[in-house]
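Only one chain is given next, in structure tokens, and it is the form predicted on its own.
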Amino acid sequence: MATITVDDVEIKVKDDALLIEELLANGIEIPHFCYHPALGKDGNCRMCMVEIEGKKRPQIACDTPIKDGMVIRTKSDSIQRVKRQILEMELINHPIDCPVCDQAGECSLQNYYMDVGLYESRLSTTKTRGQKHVDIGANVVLDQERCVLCTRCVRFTKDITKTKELGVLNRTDHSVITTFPGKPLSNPYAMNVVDLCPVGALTSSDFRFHKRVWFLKPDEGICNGCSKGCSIYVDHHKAKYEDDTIFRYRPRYNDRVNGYFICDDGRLSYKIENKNRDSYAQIRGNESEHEYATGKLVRLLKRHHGKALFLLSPSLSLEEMVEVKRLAKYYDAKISGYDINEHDPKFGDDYLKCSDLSTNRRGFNLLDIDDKEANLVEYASGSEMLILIGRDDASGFDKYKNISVKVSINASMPKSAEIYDLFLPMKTHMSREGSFINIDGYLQFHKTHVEYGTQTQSLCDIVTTVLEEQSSTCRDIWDKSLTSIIKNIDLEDIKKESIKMSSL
């Protein structure tokens, strides 16, 4: 460790680390465009200038190693003047179209300019123009005039995805970001360049002009696209007289799971989430009241006591799995987690995408839920009632003539409603809390609260309603069941960070 003085305050930092890293880690705001923790230093924007005692001229913090005893000033008059001059150069050819820019409210250039302040243009010549709203592929739109040439996007495709679709063309004030001829932006992680762009040069055609960012409420959640369980922000908004709607997913930094990025498939999966929120209860294909349908489920379970089979999705939370196990025990029912449809060998890669499309398969191991095909065949042969929870694949059970009743409890409407005696909708993934274990054994907590406009219940509430009990929170279920299974880890611990489970 080293001791340095920043703006007359002594702080302890890592010796020989980059100055910008330690300043940001200690909550000291350093303006920057080109530096990014996942991409490293580049040194081209010059916005991170600081004064270092003993140096003749200002130094860039992103390329200055720390030495013990350094005295640094980040807010002196001379540094403010340097930043003002750099921003003036950045804005010489900028269109200054903040009112119509999709990045307004999240733009670093906008924020830094308002902090420093140089509100009168001294430009007397015509601005150099670039191409606008260019579709460069992968749902990404480029506006060359807004670009500050930080090259984050170029370095991302070069160093992270290694696909190298982007580059800098031309020289001086004619330099622009563009794709190589005949090679549009096309890789499974391409939309991350939108998050990396500090200004409005790269925007998402999927989100573009749909909602102003200051209306959005960001919740911390877990992507349910595959078993990697990437940490994300779920940006949603409930307008007056409208249902709460999800407008986008964004990556949320988690150094133990996904770092700073997510895949495009996971990013765009919010559309399925919004669609599933229109589900309604059905009895033999006809719409029903949710309360009456729940009562129907109770009557069916009582009628087929000891002869029911629960077929669980490996994407349920630990709390939901525990509650379903409790319900199955009450009605002396069998439980299986076998599901061949949750695997796609073409989907996975060696980065953040997994071929296992479930969210919590490792929860089966923890809670001793059987997922073997041979046992499922045995269970089905001795059952009269099949209850699918979190899934819709009952067609393969037509061969079991002994199964006379089929029930689906799921977030999405059944593809073939007529094959079910009862369909009971449950709240979608982004409308309920829960704990999940990803493919690498990290226990995480998912805490999103996208509101429902209907009376649809969460799966845990459905179970307690069937058992005629009071509703249980995640905290209640942990105290009652999970604390004895998961040793030395509390619910509050995983709400703060992902924790590796040594037993898995």
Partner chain sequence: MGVKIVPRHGDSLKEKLYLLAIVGGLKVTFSHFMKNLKDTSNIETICYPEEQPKDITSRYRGVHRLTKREDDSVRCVACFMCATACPAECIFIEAVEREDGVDEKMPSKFSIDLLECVFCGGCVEACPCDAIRMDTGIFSFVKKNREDFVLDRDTLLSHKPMKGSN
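Positions refer to the first chain, counted from 1. Since we're looking at a predicted model, the values are computed, not measured.
Heads up, the form predicted in complex with the partner chain isn't pictured, but that's what we're talking about next.
J.: If the cut-off is 4.5 angstroms on heavy atoms, which of these, 146, 236, 152, 362, is the one near the partner chain in the predicted bound form?
T.: Result of the distance check: 146.
J.: Between 340, 123, 374, 114, only one gets a heavy atom within 4.5 angstroms of the partner chain in the predicted bound form; which residue is that?
T.: Among 340, 123, 374, 114, a heavy atom within 4.5 Å of the partner chain in the predicted bound form occurs only for 114.
J.: Do residue 345 and the partner chain share at least one heavy atom pair within 4.5 Å in the predicted bound form?
T.: So residue 345 does not count as contacting the partner chain.
J.: Determine whether any heavy atom of residue 349 comes within 4.5 Å of a heavy atom of the partner chain in the predicted bound form, and answer yes or no.
T.: Taking the distances in the predicted bound form, the answer for residue 349 is no, it never comes within 4.5 Å of the partner chain.
J.: Although the partner chain is absent from this view, report whether residue 127 comes within 4.5 Å of it in the predicted bound form, heavy atoms only.
T.: Contact with the partner chain, no.
J.: Considering only heavy atoms, tell me if residue 105 and the partner chain come within 4.5 Å of each other in the predicted bound form.
T.: Result yes; residue 105 sits at the interface with the partner chain in the predicted bound form.
J.: In terms of non-hydrogen atoms within 4.5 angstroms, which of the given stretches 332-340, 400-408, 350-358, 239-247 touches the partner chain in the predicted bound form?
T.: Among the listed stretches, the partner-contacting one is 239-247.
J.: Go through 182-218 residue by residue and record those having a heavy atom within 4.5 Å of the partner chain in the predicted bound form; state none if no residue qualifies.
T.: In sequence order, 208, 209, 212, 214, 215 come within 4.5 Å of the partner.
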